[in-house]
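In the form predicted on its own, a lone chain appears below as structure tokens.
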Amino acid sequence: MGLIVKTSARAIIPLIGIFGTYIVAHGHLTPGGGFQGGATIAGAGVLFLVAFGLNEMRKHYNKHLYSALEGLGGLAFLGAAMLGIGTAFFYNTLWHNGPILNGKPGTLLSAGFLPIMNLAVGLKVFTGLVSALVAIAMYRRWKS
């Protein structure tokens, strides 16, 4: 790609990441959530791959790290789901009008486990999509 595309990508990639993080963090208050935010953040990885190419992506992509983060996202999601297992699966007890963080409706910490689950799903979706796209790009390069 040319200089203009690479320069634009350097400016846009952090903005995509910030916007995706906003979607994940505010998923319980606005349309969006973990999946939508994770897919948006993965869009930054796709833009990096397209703008800078597979060789540059290989320098910045660590397969083992992304695999571990994807597993961590899945475990965090299941762990949050299991915390209320004595009462019900996905029982929303965290910050439920507690003394420390009383859950005022409409605030960032008002939804109990939902923000934690959104973060876990966002991490899993982001790492999974980027890993899949890098694998597809490597396969296409190997097949050619």
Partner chain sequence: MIEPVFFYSALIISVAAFLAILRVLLGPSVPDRVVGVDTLNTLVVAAMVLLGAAYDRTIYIDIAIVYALLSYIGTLIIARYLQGGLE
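What you see is a predicted model, and the numbers here were worked out from it, not measured in a lab. Positions refer to the first chain, counted from 1.
A second form of this protein, the form predicted in complex with its partner chain, is not displayed here; the remarks below concern that form.
Chemist: Give a yes or no for V50: in the predicted complex, does one of its heavy atoms lie within 4.5 Å of a heavy atom belonging to its partner chain?
Modeler: The answer is yes: V50 has a heavy atom within 4.5 Å of its partner chain.
Chemist: Look up in the predicted complex whether A81 has a non-hydrogen atom within 4.5 angstroms of its partner chain, and give yes or no.
Modeler: It does not: once its partner chain is placed as it appears in the predicted complex, A81 has no heavy atom within 4.5 Å of it.
Chemist: When the contact criterion is heavy atoms within 4.5 Å, does M1 count as touching its partner chain in the predicted complex?
Modeler: It does: once its partner chain is placed as it appears in the predicted complex, M1 has a heavy atom within 4.5 Å of it.
Chemist: Just checking whether A76 would be counted as a contact of its partner chain in the predicted complex - the rule being heavy atoms within 4.5 angstroms.
Modeler: Contact check for A76: no, nothing within 4.5 Å of its partner chain in the predicted complex.
Chemist: Along 16-40, which positions have a non-hydrogen atom within 4.5 Å of its partner chain in the predicted complex?
Modeler: Residues within 4.5 Å: I16, F19, Y22, I23, T30, P31, T40.
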